[in-house]
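Just the one chain here, laid out as structure tokens, in the form predicted on its own.
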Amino acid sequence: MDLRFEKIYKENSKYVYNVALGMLRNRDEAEDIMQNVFIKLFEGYGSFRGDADIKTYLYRMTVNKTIDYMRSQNLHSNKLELIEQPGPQKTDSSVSLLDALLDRLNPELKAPILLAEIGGFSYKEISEIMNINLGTVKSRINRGIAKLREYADKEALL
């Protein structure tokens, strides 16, 4: 294996896995997405021009593969199970509720929120990662947050 590719894998595989896990909330599915991202990267590695930062490029690939997977499995509306993420145990019920509410969003609304809040990307970077207009990013984030508020209000009434 090319040493440069091996270095990219070692430095970014956990990152790619965590991005997929953040969207899917399932360790096995996130592992599959991570493997598929690096297989695709390896297959096209010779054609990678380096125009974009590798981390941004991997993020875009991961988000796109995850969204495609969610669409193919129809996971955007019926997947409400919570899988514990690696790291410290979560005890705050509001974090668990937020996770459950995020799982209800369709991928088009969920992805830009996760990119902004978890990934720390700017709206401009999200626009580049998702290959959508800046205005679309803003609109999707606003609609996603409005949906989260709506879901939270419904939960409060139960």
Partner chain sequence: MNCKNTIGRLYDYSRNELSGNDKSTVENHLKECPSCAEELKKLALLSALFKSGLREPSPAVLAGIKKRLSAGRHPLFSVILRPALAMAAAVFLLAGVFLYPGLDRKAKLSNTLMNDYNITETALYDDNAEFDEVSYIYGNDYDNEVF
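Rigid core here is just the name for the largest C-alpha set that superposes within 1.5 Å across the two forms. Residue numbers count along the first chain shown, from 1. Predicted model only: the values in this text are computed from it and were never measured.
We do not show the form predicted together with the partner chain, though everything after this point is about it.
Would Glu108 count as a contact of the partner chain in the predicted bound form, using a 4.5 angstroms cut-off between non-hydrogen atoms?
Yes, Glu108 sits close enough to the partner chain in the predicted bound form that at least one of its heavy atoms falls within 4.5 Å.
At 4.5 Å between heavy atoms, is Asp153 in contact with the partner chain in the predicted bound form?
Asp153: contacts the partner chain in the predicted bound form.
Considering only heavy atoms, tell me if Ile113 and the partner chain come within 4.5 Å of each other in the predicted bound form.
Although the partner chain is absent here, Ile113 would touch it in the predicted bound form, with heavy atoms inside 4.5 Å.
Contact flag, Asp103 vs the partner chain in the predicted bound form, heavy atom cut 4.5 Å:
Result no; Asp103 lies far from the partner chain in the predicted bound form.
Using a 4.5 Å cut-off on any heavy atom, which residues of 139 to 155 would contact the partner chain in the predicted bound form?
Counting only heavy atoms within 4.5 Å of the partner chain in the predicted bound form, the contacting residues of 139 to 155 are Ser139, Arg140, Ile141, Asn142, Arg143, Ile145, Lys147, Leu148, Arg149, Asp153.
Following rigid core alignment, is the displacement of the Val37 C-alpha between this form and the one not shown equal to or greater than 2 angstroms?
Superposed on the core, Val37 moves its C-alpha 2 Å or more between this form and the one not shown.
Rigid core fitted, then: does Val16 show a CA shift of 2 angstroms or greater between this form and the one not shown?
For Val16, whose C-alpha is compared between this form and the one not shown after core superposition, the shift is 2 Å or more.
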